[in-house]
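This document opens with one chain alone, in structure tokens, the form predicted alone.
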Amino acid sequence: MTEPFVHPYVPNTAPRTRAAMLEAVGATSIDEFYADCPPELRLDRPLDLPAPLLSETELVRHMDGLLNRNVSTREVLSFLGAGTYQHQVPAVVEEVINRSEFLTAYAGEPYEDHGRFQALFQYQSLMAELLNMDVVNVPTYDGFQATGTALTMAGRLTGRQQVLVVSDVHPDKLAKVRDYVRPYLDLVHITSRGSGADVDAVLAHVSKNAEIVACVWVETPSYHGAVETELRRLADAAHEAGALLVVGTDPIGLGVLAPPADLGADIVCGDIQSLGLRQWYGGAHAGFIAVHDDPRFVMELPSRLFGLASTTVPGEYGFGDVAFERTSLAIREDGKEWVGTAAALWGIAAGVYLALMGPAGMAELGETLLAHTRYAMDQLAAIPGVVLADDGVHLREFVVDVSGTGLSATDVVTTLRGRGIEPGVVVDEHRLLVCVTEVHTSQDIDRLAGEIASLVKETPA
């Protein structure tokens, strides 16, 4: 990139053009743009690329070889979760989103795109009902970005810079959020206690630092699947100091669990991958942000909102942008946050899923998830040497410690993978994060427990 080479197809590679661009931004070299990348992560040599493929036949063979290396979680008994989950996807969901008017829709204007706008308005309405919030955005890239935006909104609304992180957060999510909010906010961690937040420690910190705390950030379920039972106390502590409560959640359990808004949450955010989207070798992710019908909060949302709009014909209504003037699409560099291509297709998928499930279906699903999780926790905890990391209320995921068996978590994964089972995600040397959903039967869980028990017996004392 730093060599004076003019590429025939790549723009702005002419030395004079590059020099003018660097001068415009006040940089002396392109290397300055990568100052935040540790030197050990930078490549100081050309990419080690294979020889070019000279025919379509070779390309197809090459791609087939790469794809055949993958193993879908539908081909094995999988207990993998950690942010991307194996839930049942009704056939009608994919039938709808594969329709050409949805699958190929991009960024048409209201007069030519009523169907997509209406579908996303209905998705927002269904999500708002599930979350018991008034306003839900058109989906962002993923739940990580939604969380980062929710926290920066809290910073702007309060004029403060400190975020209290009081839950176990997915490490990848925490890394992405930290990078996103770093120019505006400071993350301060308060170690959780057992399966939930250490409320006394939060109260003590907030009382001493009331003037700088922007919000308390809670994840429920947490990275380890724990359901936070002290949201009301955390909300009261935040509000007493003039701060906000930002709650990250997975809406899959809200048919049976109380919505965070009912317990004092000011901003609720998360990912909708669980709502009708497959794991797909990493997941089809999309983020949501929900707020109450308060203009202060609504105008801080950088994302697009679709709602009912009147037309030039009296008494006629259509669907279009709400308060479009607050977005960076309208005011460009003066926007509070940039909004680019959203994951709108996944919002339509989630809307179809929620419409099909209805309140009764979501309640039944939530009860099933809680029951399956508890059953799996009990079965694994009954294995000699295996203990639960905590015994609180969990939804879908929990951590087991296998140190008492003489095995490591990697030993368990490696051996059971050879037997056609993915037992979970390695958290550290001796702890394993196990995920169960409605697709698992009691026989599936019994098989997992039986294989681990057999492995323990095979291990020399």
Partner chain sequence: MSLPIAPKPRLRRFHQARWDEPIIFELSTPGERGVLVPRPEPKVRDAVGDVVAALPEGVRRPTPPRLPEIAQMRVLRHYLRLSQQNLGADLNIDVGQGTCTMKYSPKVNEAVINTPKLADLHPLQAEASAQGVLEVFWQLERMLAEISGMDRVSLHSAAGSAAIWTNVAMIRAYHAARGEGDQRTEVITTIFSHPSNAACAEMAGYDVITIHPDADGYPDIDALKAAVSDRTAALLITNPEDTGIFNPRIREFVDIVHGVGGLAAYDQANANGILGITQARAAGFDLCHFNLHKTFSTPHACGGPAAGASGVSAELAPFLPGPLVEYDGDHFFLDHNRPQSIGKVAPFYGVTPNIVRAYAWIRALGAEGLRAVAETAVLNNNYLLKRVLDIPGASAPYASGRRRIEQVRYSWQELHEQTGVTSEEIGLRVADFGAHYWTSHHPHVVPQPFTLEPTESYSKDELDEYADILAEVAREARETPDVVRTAPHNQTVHHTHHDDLDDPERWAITWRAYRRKHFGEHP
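The model shown is predicted, which means the values in this text are computed figures rather than measured ones. Positions refer to the first chain, counted from 1. We call the rigid core whatever largest set of C-alpha positions still superposes within 1.5 Å between the two forms.
Absent from the display: the form predicted together with the partner chain. The rest refers to it.
In the predicted complex, the partner chain sits beyond 4.5 Å of every heavy atom of residue 202. The partner chain is not drawn, but in the predicted complex it has no heavy atom within 4.5 Å of residue 212. The shortest heavy atom separation between residue 422 and the partner chain in the predicted complex is within 4.5 Å. Within 4.5 Å of some heavy atom of the partner chain in the predicted complex lies at least one heavy atom of residue 142. The contact residue chosen from 361, 159, 242, 384 relative to the partner chain in the predicted complex is 361, the criterion being a non-hydrogen atom within 4.5 angstroms.
Note on the partner interface in the predicted complex: the residue among 114, 193, 189, 208 having a heavy atom within 4.5 angstroms of the partner chain is 114.
Of the candidate stretches 194-202, 114-122, 161-169, 233-241, only 114-122 has residues with heavy atoms within 4.5 Å of the partner chain in the predicted complex. Of the residues in 292-326, those that come within 4.5 Å of the partner chain in the predicted complex through at least one heavy atom are, in sequence order, 293, 295, 298, 299, 305, 306, 307, 308, 309, 310, 311, 312, 313, 314, 315, 316, 317, 318, 319, 320, 321, 322, 323, 324.
With the core held fixed between the shown form and the other one, residue 32 has its Cα displaced by at least 2 Å. After superposition on the rigid core, the Cα of residue 23 moves by 2 Å or more between the shown form and the other one. With the core held fixed, residue 418 shows a CA shift below 2 Å between the shown form and the other one.
An increase of at least 3 Å in the separation of the C-alpha atoms of residue 162 and residue 36 is found in the predicted complex, compared with the displayed form.
In the predicted complex, the separation between the C-alpha atoms of residue 312 and residue 328 grows by 3 Å or more relative to the displayed form.
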